[in-house]
Each structure stands twice: as structure tokens, then as C-alpha cells.
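Here we start with a single chain on its own, the form predicted on its own, put down as C-alpha cells.
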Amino acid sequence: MFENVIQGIFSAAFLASILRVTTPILLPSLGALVSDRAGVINIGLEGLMLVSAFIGVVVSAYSQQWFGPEVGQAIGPWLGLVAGVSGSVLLALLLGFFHLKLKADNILAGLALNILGSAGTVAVMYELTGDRGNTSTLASMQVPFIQLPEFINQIPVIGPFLFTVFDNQSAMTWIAFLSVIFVWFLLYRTPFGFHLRATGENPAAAASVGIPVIRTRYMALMLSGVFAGLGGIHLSMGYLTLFQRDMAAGRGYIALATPLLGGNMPLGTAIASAIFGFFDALAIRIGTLQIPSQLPQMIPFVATVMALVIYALQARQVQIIRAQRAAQGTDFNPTYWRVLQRLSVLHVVLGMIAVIGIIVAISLFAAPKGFGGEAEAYPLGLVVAIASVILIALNLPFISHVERIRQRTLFSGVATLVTLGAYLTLFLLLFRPALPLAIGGGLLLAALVWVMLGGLNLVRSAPTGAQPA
């Protein structure tokens, strides 16, 4: 069973599931990005998603009574979507009223909205259905699914793969990824986007040239409410037809981190959301094993913590490189330090993957039955733990002190080859080649990555005047 799960991860169906579970992370993340760029953080995304999800289900269910079965079936999903998003926007405006008008603390006001969304939906749900868990007694509807033309499946080589990934995806998934383009255009190709970014970067300067700061922030919060509402609709009407208590399950909080990890850019936010979607889909896939449900459920949140650690480490390393730039003046070699920064990112990522190995080892020891029994799980867990500790030790010197990459460039290269080579070897073994061939291929690919990132140039041309930070 464990082998089947691993093989299922490397498939078009798994990629399709990543798109599906990325949607309720990406949509509120775009909302967080818009509000962040305006200088007003929307902490209440979790509550907004819950309220939208609940209102959408209720309105879509009752629309069949209001307009009759035929008309209700046709307009119910879209009426629920509009109602749910409208409720989310109203709550976002309420947050703006408390923070921008009454000068309440933005964090506390956002947390209050999250509590209101969690408790309020349960209270109203109990009044309507007599159930505090879900709305299964309401005949709610789904947002339609998009079917691809059959000729795509007939395209040689890539056709079946693309068809499996994108066919029969919810319209909300298409809306989510098209919204990335919309947000990019809004922020960087419209006067409103310029005003919004100016408001967030320097509100005093923006006000001095006539930009209405308060109004712009209200509009940013409204857009944030729209995207959070769409994310909530996907949860309750994308693939399900009911609302469950606290079904946002922390996605609103994860959405607060993704813009930071994506460099506060729409495309970067989408990539960061897809990474979280991968871990979410991975948790679902691993959940088919006979292990405690708490282990796979914690994977997305562990990924969030690790991502924030990566962000903090990278921010520190950028500061070090900027200090070097200031110290060296005209002798500063930007190409050299760009290579150094890329290699430092690689060491951070390799170290974090090894941390995942530690978590896997703990899981093997904690729930051996899900991995073939104690006879198989314990030795494998011990091997994974020891290997992970060694790989962390190899990369830790270059994570804690980025300048060591240039002081010990060859050692950095060896650490990269060993660590990345081990990961790539494990990946190649999934395709069942001979062990020596997998090892050789893994090391060769690792060397190629190191060279492409500039490691060979780093060995050849250390800049003059580069002193340890």
C-alpha cells in the first residue's frame, strides 16, 4: 500500500488534485496580497471564508424553494456564489470600519472576525438545520465543472496527461488561476493598482499627491473579501454540497503567509500557494495509509512553519549580502553575489527537505502498522533518521552563515552533490532502474544543478576584497 501511495504521487491524477486543493489557498492568498500591498493586513480571512461558504450553501439550497426546481437548479449555484461573496465583502468592510474609521487594532479586529465566522456560522446552522456539525439536510448545489474538448485527449504524448490534469475541474479552480493574471494586471497596469501600491509603501507621500488613502484601503479590503469569499465558496460548493463546521481548517491563516513567501508578487503568491497545495494533497494521499489521522493532517501546518523559517533565513541572508555590497562599494561584484544567494537558497531548501525526513522517521516509529509493521518500519525509520541528520549537518554551516559558501566553496559543492544527489537518487529509484544507475544519475543531475546555479563560476572567480561578514 505504501508503494502504491508513492507511485500515485507521481501521476497526472495527483497533479489534478494539487490544482483542486490549491484553489481554496490561492484565492484568499490573492486577497491577502491585495490588502497587504495597500498597507492594511486582513487577518480575518479565515472568518470571511467560513461566512461565505455557509451563506453560499444556504442560498443555493433555498433558491430552489424561492424560484422553483428548474430555475433554482439553473441559477442556484451562481446565486449562492454572489450571496456568499457579498457576505464576505461586508465583513471585510466591517473590518475596515473598525480599523480605518474607529482606529481599532487591525490584528484584534481580524481575530474577532475569525471568531465571529466560526461561532456565528455554527449558531445559524443549528437554527436552520438542528445540527451543529454540517448542513447535510439542506439540498445545496455545486458550482459547475468545466469539461475540456475531447480532441485534447487525442494530442500525441502530452494530450492524455493534460486532459487528465485539467478536465472536469471546478469552475472555481479556473477562476482562481485566472485571478492571478487579473491581480497582476490590476496592480501593475492600472492607475488604481499604482495608487494601491503607493498607499501601502508610503501613505503620507500618496496622500500628498492627492491619492485617497482611506478609500483605497477600503477598496483593497473589499477585493480581499471577494477573493476570500470565492475561496470559501470553493470549499462548500466546489466539490462538496454542504457546509461543515470550521471547514476552512486554517487555510485563511496559511493565506497570510503565502504573499510573503511569494515576494509579494501575484505569480510568486501562486507558486507558494501551489507548494502548500502539494503538501495538502500529499496529506490526503498519505491519509490512505493505516496511520493515525493526525499525522497527515499536520503536514500542511508543518509546511507552513518550514516555509516561514525559509523566509526568515532568506531575509537574514539578503541583509548579509546587502551589508557586503555596502562594505565593498565599487569592488562589489553583483553577479558573484547573485550566484552566492542562489546557492544559499539551495542549501536552505535541501536542509528543509532533510527536516521532512526527520518527520517521516518519527511517523515510522509512531505508527509502524501503516508502513508494513514494526519489522519494516523501525529499520527504515532508523535509516531515514540517521541519513536526515547527516544531510542537515552537511548543509547547516551554509544556512547559518551564508559567507561560508564562498569561504569553503568546494565543501559547499560537495554538500550539495551529496544531499541533492541522495534526493534525486530516491526519485529515480521510483522508476525501478538498477541501483548504480540511479546513484550515478542522481549525482550527475545534482552536479548539473550546481553548475547551472553558478557553483563552478564561484570556484573560479572569487571577488577581490570579499571579506567574511
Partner chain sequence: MNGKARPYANYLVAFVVGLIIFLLTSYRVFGGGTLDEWMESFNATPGAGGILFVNALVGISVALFVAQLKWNALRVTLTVVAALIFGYFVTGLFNLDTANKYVQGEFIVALQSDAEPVDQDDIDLQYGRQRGGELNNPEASDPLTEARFTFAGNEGDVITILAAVANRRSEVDLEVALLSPDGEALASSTSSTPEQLEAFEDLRSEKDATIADFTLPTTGVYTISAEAEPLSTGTIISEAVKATNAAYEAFLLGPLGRPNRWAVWIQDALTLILVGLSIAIVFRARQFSLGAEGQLYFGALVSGAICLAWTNLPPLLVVPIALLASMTAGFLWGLLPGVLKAYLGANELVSTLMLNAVAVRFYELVLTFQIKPPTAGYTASAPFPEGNILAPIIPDTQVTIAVFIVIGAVIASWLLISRTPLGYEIRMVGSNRKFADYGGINSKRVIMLSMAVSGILAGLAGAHLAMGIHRMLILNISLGLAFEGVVVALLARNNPLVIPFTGLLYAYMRAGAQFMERDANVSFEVVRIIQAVIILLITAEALATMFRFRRARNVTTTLDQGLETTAAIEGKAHV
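Numbering follows the first chain given and starts at 1. The structure displayed is predicted, hence computed values, not measured ones. Just so we're on the same page, rigid core means the largest C-alpha set that superposes within 1.5 Å between forms.
Unshown form predicted together with the partner chain; subsequent notes refer to it.
Examine A312 and determine whether its closest non-hydrogen atom to the partner chain in the predicted bound form is within 4.5 angstroms.
It does: once the partner chain is placed as it appears in the predicted bound form, A312 has a heavy atom within 4.5 Å of it.
Counting only non-hydrogen atoms and a 4.5 angstroms cut-off, does E150 reach the partner chain in the predicted bound form?
Answer no; every heavy atom of E150 is more than 4.5 Å from the partner chain in the predicted bound form.
Tell me, yes or no, whether R342 is in contact with the partner chain in the predicted bound form, where a contact means a heavy atom of each within 4.5 Å.
Contact with the partner chain, no.
Can you check whether F98 is within 4.5 Å of the partner chain in the predicted bound form, heavy atom basis?
Contact with the partner chain, yes.
Answer with one of L93, I353, A119, I275: the residue that has a non-hydrogen atom within 4.5 Å of the partner chain in the predicted bound form.
Contact check passes for A119.
What is the one choice in R215, R189, R322, K369 with a heavy atom within 4.5 Å of the partner chain in the predicted bound form?
Here the answer is residue option K369.
Which among 361-369, 218-226, 74-82, 334-342 is in contact with the partner chain in the predicted bound form, heavy atoms within 4.5 angstroms?
Checking each option against the 4.5 Å cut-off leaves 361-369.
Is it true that D167, Y423 and L428, all three, sit within 4.5 Å of the partner chain in the predicted bound form, judged by heavy atoms?
Not a single listed residue reaches the partner chain in the predicted bound form, so no.
Taking the partner chain as it sits in the predicted bound form, which residues of 58-73 have a non-hydrogen atom within 4.5 Å of it? Please list them.
The stretch 58-73, when checked against the partner chain in the predicted bound form, contributes no residue at the 4.5 Å heavy-atom cut-off.
Once both forms sit on the same rigid core, is the C-alpha displacement of F182 at or above 2 Å between the shown form and the other one?
Comparing forms between the shown form and the other one, the F182 CA shifts below 2 Å.
Taking the rigid core as reference, does F166 move its C-alpha 2 Å or further between the shown form and the other one?
Comparing forms between the shown form and the other one, the F166 CA shifts below 2 Å.
Please check if A206 moves between the shown form and the other one, taking a CA shift of 2 Å or more relative to the superposed core as movement.
Shift at A206: below 2 Å after core fit.
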